[in-house]
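Coming up is one lone chain in structure tokens, specifically the form predicted on its own.
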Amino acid sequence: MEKIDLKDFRFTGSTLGEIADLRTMDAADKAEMLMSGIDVEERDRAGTYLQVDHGRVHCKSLQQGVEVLDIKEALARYDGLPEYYWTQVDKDKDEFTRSAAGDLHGGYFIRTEKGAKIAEPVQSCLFLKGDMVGQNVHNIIIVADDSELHIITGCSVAHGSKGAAHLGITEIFVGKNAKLTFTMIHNWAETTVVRPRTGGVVDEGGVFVNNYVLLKPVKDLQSYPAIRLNGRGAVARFNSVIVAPAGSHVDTGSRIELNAPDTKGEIISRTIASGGTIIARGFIGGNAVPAKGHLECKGLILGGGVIHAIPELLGSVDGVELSHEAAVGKIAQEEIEYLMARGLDEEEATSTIVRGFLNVDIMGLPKELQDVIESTISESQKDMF
């Protein structure tokens, strides 16, 4: 991994004006946003937040029971959000958090009302349009007691980008008996540097489900979200599907702390290196009983590349139940021969196996979003064989 110099990027500059109707955006930009799961028609959405480079251009709630604001507006309206702002991520963790803390460009504040069941997802997009732009964002998500919410967040760059840096802080709060499904789709480019920093806490009976999809090239990405299950019966699940073509360096993983009785944590990742490098991390710490955690990391190397799997389990009390499976290898020849015996040629057989390996059905995504991901998988397969 090469050293990232933030001085190479522009963290100041003019911002675009408000975009009242996302359908009026440039066709190429809309296409990139679509590949990130963002619907410019805003059909079947409970709200939308869009930031381009250094500022918000579109922000609104479309359903009662959920509040969607720009983070700067939320900080001003709610006296700096002292119970939430910079409580889950250390602002002095590294140069990237310090950059985000010192020069805030934007980000979203999403909060549900207590007991609200938001049937349709809120969508957000953090978009990089200018060349060599550096973007600092801070997001806060609060899912109040007994409420439910699904957020689809798509991060992307304009077609033909010559370089960009995205530094994103996200702090997550899931209340008692609440549920948050957080689906992140990264649609970057060969010249993009990405440094998300995410932390969160889940209260008694709460559920946090994180889906992460990265199928396009990225120059250098480093992400390690950490969730603490602090209430009895809290649950966290991380599902990820990652492809790293040649030139991509992806260092990613998830961390779950089981800090209360009857908590459960699960991390499942599927990775394919098709010329790039993937460091696949996973950590589950058991600090209370009874508690259960399972970590599963499986990787395929197709046409070169490196996968370094680092699964970690840490039990600190008697009786905690933690397990892991990790495997890195190639497609079994007998699987290819089995499909070829049923009429497929070798390339078709390999493609079928890869599609099954990258299956996102377990994520429970809306059909239109799953269709987008399936289309992206098909496009990505052209560079795998």
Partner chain sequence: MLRIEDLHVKIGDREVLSGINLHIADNETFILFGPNGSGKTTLLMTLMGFGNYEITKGRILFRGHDITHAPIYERARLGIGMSFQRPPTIHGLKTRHMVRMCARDSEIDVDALARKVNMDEFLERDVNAGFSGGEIKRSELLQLMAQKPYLLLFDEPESGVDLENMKLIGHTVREVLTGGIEPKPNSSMKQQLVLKRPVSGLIITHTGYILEYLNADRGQVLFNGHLCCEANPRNILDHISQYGYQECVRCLN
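Model, not experiment: these values are computed from the prediction. Numbering follows the first chain given and starts at 1.
Note that the form predicted in complex with its partner chain isn't included here; everything after this is about it.
- Its partner chain in the predicted bound form is approached by residue 344, whose closest heavy atom lies within 4.5 angstroms of it.
- Contact annotation for residue 329: none of its heavy atoms lies within 4.5 Å of its partner chain in the predicted bound form.
- Although the partner is absent here, residue 63 lies well away from its partner chain in the predicted bound form, with no heavy atom inside 4.5 Å.
- At the 4.5 Å threshold, heavy atoms of residue 340 reach its partner chain in the predicted bound form.
- Segments offered: 65-73, 41-49, 312-320, 351-359. Contacting its partner chain in the predicted bound form at heavy atom distances within 4.5 Å is 351-359.
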